[in-house]
Structures are given as C-alpha cells and as structure tokens.
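Next up: a single chain in structure tokens, the form predicted alone.
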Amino acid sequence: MTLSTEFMGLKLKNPIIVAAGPWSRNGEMIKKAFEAGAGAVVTETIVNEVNSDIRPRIAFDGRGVQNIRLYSDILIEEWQNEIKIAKSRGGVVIASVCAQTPSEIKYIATKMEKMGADAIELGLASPMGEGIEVLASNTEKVYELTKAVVDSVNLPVMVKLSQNVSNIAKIARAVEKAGANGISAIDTVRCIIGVDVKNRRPYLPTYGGYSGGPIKPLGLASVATIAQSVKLPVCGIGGIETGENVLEYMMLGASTVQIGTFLMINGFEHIDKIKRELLEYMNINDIKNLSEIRGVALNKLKAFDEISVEPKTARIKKEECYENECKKCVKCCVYGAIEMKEDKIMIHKEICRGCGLCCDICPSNRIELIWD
C-alpha cells in the first residue's frame, strides 16, 4: 500500500501538491511544505514585472478566502536562489508562470528550467481586472501560449484552467492539442467576499479570487468535465480540506490534487493528517494504490437528458423521530410531505416527490430514499 504516484512523468511521494499562493512565496516556505510531507509544491506565480502589495489583501469569511495579491514579488533572477533553497532537502518544484504573450511566457518558462524547476504550470487566469481573465477564456490564445512553452522547454508543462469560462472542455482540448502534459483546475473564482455595511465599503477594495471549501463543487464539476473531454492527467484544485475531499477529486478523474487555502488557514501540518486519512481509507478498502479508484465515479455521471425518472420516496429509518428533535425536515419540505403528527415525524408517501433534500438536511441521518 503506497501513496506514491506518477504525474506527467514526475515521481511523487504522494499526490498532495501545495498550490501556488502566498504560502509558497519563496524558497523557505516551499521547503517547509516539503518538510511537512508535500508530494510537490507549485511556486507563487512568477511574472516579468513584480507589483507592490496592497494592504490589506486577504479576507476570510469563516468559510473561504478572497485574495487580491496578484503574483510573486520576487524578481525572476532572484528565483534561482529561491529554487535552490526549496530543493535543498529534495522535492519536486513546479514553477508557476504567467504572461500575456507567447514570447514573454516562453522567456519566463525557459528561465525557470535553467534555474532547476522540475515542471512548469501556466497560470493564465486572474480574477483581478479583465485582460488576463479574457485571455484564459480565449481558446486560440491559450493554445498559442501553451504551445510556446511546450516547444521551448524540456520539462512537463501543466496548464491551470479557470472555472470562469463559458466552455472549459473546449479550453482543455486546446491545451491538449498544444502538447501540454497535464491540466490543473480550478483557479480561484472571481468574487467580492462581502461588504462592511457599517462603513459602506467592500472588505477589500477590488474584485479578487475566492478559494477554500465553498468552491469545491465548482472544482469537482470542472475536473469531471476535463477528465471526460481529454486524455491528459488532471490535478484537482478547490476546497480540499480532508482525505475524503482528495478521494472525491480522484474518483472524478484527478490523478493528483493541489491544496492551498486550507493550509494557509490551518498550517502545513495538516498535510500529514490528510495523508493518514488516505492511508486509512486504502487500508479499509484493500486498495494498494490510489490509481485504482481514479475516475470510478465518472461512469455514474450522466448528461441531464440521459437520466431516467426513478419512483423514489422518503421514509424514516427504523428509529423513530419525535417532537423534541430539530424538525428541520418539516421546515425544508417544499412539497408539504413531512409533518409532525402525534409527537412524531410523519412522511406522506403519496405527496413525497423524492427530491432528497430531507435526507441530506437531517442531522441524525434518519431519512432515506427508497423505491416506491
């Protein structure tokens, strides 16, 4: 039983990759991620011209994070020393690079190869401003940028896709056609995290990228779409906090995953916890390698017009539910099929439409759907 995996020809100790972000901003931070057990680390996105940081630039709403930091504030030439520090104890370093023209992104990528990076990730999306987001949505531009890098380096090239596009499958096919070795998805989602109503202003002064637990459903949908559209290996990103979240992405087609926001909030030590949860699942289910479960949920994912209507209704499981309980199911049933009668929860089978909401909303897991 092993967590080791191969991704884009890279041999990783485990499938957990630390994503590009402030937590991988320099060599010392990347080294800490390796010491905590990461299989690989993606550098903060490297660009030709660094920007001054806005203060404040990160906001947390208790669930997710808005970040308005654009890219690395370390000059390209200085990354040679940072990569040297990062790899001082071993580890796979993936350089995240961004530019708006093929010649510029080719220049940065070749620099990173000479400095010792093991792979390149193209970060083509940005939730700040409009220009680069449009770039990430432009199939032709994505193809040109990807091909420029693929043709100029002898390293694996991965392209990070945005969910803020009209057709992510079309973009993924352009990446595959350009010769990339892998795809990662998704980048942060354009957001305004909230408004300070007392002071009548947003918590941060511009649009930013939203990340963390709330975007996991978007990441899962994007990874599944990509896995169904191309043959390239996929790295799943978005809202990963537990070993179970890793398994969700893998069962929808991901080979590896990237984690960032959760580690920023809770610390690199959670990498080890996630690894233990994965090994526990593998042990219980007699799985030798996580590749055995890759994509197993994809064949159960159907187009809407392929879904058959199944005559299912809700019922209370063996144990009864009484009035001193929460009554959440009564409140949530929009069909009026659940009521409190004689101090007991009752489900009217003839009214129930089998939507399934009550099953998920019950905190005691006392409701199930059965064949009518």
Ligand SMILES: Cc1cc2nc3c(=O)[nH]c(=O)nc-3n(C[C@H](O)[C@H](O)[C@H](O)COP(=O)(O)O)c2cc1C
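As the structure is a computational prediction, the values presented were derived from the model and not from experiment. Numbering starts at 1 and follows the sequence shown.
The discussion below concerns the form predicted in complex with the named molecule, not included here.
**Student:** Taking the named molecule as it sits in the predicted bound form, is Thr146 near enough to touch it, meaning that at least one heavy atom pair lies within 4.5 angstroms?
**Tutor:** Heavy-atom contact with the named molecule at 4.5 Å: absent for Thr146.
**Student:** Please determine whether Ala19 contacts the named molecule in the predicted bound form, using a 4.5 Å cut-off between heavy atoms.
**Tutor:** Because a heavy atom of Ala19 falls inside 4.5 Å of the named molecule in the predicted bound form, the answer is yes.
**Student:** Answer yes if any heavy atom of Tyr281 is within 4.5 Å of a heavy atom of the named molecule in the predicted bound form; otherwise answer no.
**Tutor:** No, Tyr281 sits far enough from the named molecule in the predicted bound form that none of its heavy atoms falls within 4.5 Å.
**Student:** Hey, in the predicted bound form, does Gly208 get a heavy atom within 4.5 angstroms of the named molecule?
**Tutor:** Contact check for Gly208: no, nothing within 4.5 Å of the named molecule in the predicted bound form.
**Student:** Of the listed stretches (258 to 266, 170 to 178, 272 to 280, 102 to 110), which one has a non-hydrogen atom within 4.5 Å of the named molecule in the predicted bound form?
**Tutor:** Contact-bearing stretch, as computed: 258 to 266.
**Student:** Would all three of Leu10, Phe34 and Leu155 be in contact with the named molecule in the predicted bound form, where contact means some heavy atom lies within 4.5 Å?
**Tutor:** No residue of the spot touches the named molecule in the predicted bound form.
**Student:** May I ask you to list the residues of 160 to 182 that have any heavy atom within 4.5 angstroms of the named molecule in the predicted bound form, in sequence order?
**Tutor:** Only a single residue, Lys160, comes within 4.5 Å of the partner.
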